[in-house]
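Below you'll find only one chain, the form predicted on its own, shown as structure tokens.
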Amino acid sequence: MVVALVLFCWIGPLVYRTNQVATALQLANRPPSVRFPLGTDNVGYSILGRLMAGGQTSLEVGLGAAAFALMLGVLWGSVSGYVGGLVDSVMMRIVDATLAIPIIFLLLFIASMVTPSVPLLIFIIGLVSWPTPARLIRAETLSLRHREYVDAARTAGGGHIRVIFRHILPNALGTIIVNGTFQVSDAIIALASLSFLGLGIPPPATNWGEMLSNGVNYVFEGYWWQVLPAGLAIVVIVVAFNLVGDGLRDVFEVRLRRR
């Protein structure tokens, strides 16, 4: 499902070419037809073409925010768990304080202060998502830092940075990868929530959340095609990444049991 949606979003526009910049009000709110397989929206954009363009933005933000959150969370959690003591306590209290604030409030506060763009949304969503991987990696580091091979690396003269990056993080790779798939789906939902509340990327750019927000205004007039495709795409991609995460978790758990 993930591969199919990626091909749909990036290869699809090469096959089904549409104008996603100039509006065509004379074509507004057309139902699905041969010319417009998924109909048109309130300003005449093809819903199918809009779905492809919005999918590119949603996946870019989802993958980018997940990568940024993982990078920050892995560094924070590994240092906290490896050093321990007062440093660990202070760093974890910062994480706890961040987790205590509802994510949607943080997103709304930050997004309302700036003009959203794809890089900025990646930064904002990643910035509020890093505490979860930080706690997971800290827990893994606490269980790994007293293993024999880590003690041997220290005895052989290995520095702290070398021990973390060569001996601890590679053995926590399963946790990192599994959490990364869940971070992607969470970031896509966060982007859809922001866009639904009107804090997404300004037109003519779009994403699936913004399409859903615009379509809700017309659904009671019977224009179901303005809501169903975007909503279905969000559900499918989130379920797909969660299934990938579940599968990877099962694979890594089996390997750990064999060890």
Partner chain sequence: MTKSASVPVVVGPRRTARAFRVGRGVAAAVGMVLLLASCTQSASTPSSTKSPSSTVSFALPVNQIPNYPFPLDSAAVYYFANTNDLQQLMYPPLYWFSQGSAPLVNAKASFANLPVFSNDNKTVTITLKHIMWSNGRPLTSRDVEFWMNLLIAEKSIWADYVPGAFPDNLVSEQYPSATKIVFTFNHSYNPKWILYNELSQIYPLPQSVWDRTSASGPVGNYDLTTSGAQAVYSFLNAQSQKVAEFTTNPLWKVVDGAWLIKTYNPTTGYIVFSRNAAFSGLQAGSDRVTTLEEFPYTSAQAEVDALRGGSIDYGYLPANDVGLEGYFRSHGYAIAPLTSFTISYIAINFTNPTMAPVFDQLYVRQALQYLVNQPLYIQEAWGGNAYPTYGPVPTRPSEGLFSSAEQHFPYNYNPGKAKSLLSAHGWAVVNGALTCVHSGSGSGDCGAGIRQGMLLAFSFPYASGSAPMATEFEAYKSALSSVGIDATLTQLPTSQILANDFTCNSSTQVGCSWGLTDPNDFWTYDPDYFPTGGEIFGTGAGSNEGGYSSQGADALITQTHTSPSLSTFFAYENYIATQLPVIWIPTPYYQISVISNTISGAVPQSPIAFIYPERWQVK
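Numbering follows the first chain given and starts at 1. Remember, predicted model here, so these are calculated numbers, not experimental data.
There is another form of this protein, the form predicted together with its partner chain, and it is not shown here; the text below is about that form.
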The one option of Leu63, Val227, Leu51, Leu38 with any heavy atom within 4.5 Å of its partner chain in the predicted complex is Val227
Q) in the predicted complex, does Thr155 have a heavy atom within 4.5 Å of its partner chain? A) no
query = Should Trp76 be classed as touching its partner chain in the predicted complex when contacts are defined as heavy atoms within 4.5 Å?
reply = no
Problem set entry | Residue contact check: Thr98 to its partner chain in the predicted complex, 4.5 Å heavy atom | no
- prompt: So in the predicted complex, does Ile94 come within 4.5 Å of its partner chain, heavy atom to heavy atom?
  reply: no
Restricting to 42-75, the residues within 4.5 Å of its partner chain in the predicted complex through any heavy atom are Asn42, Val43, Tyr45, Arg50
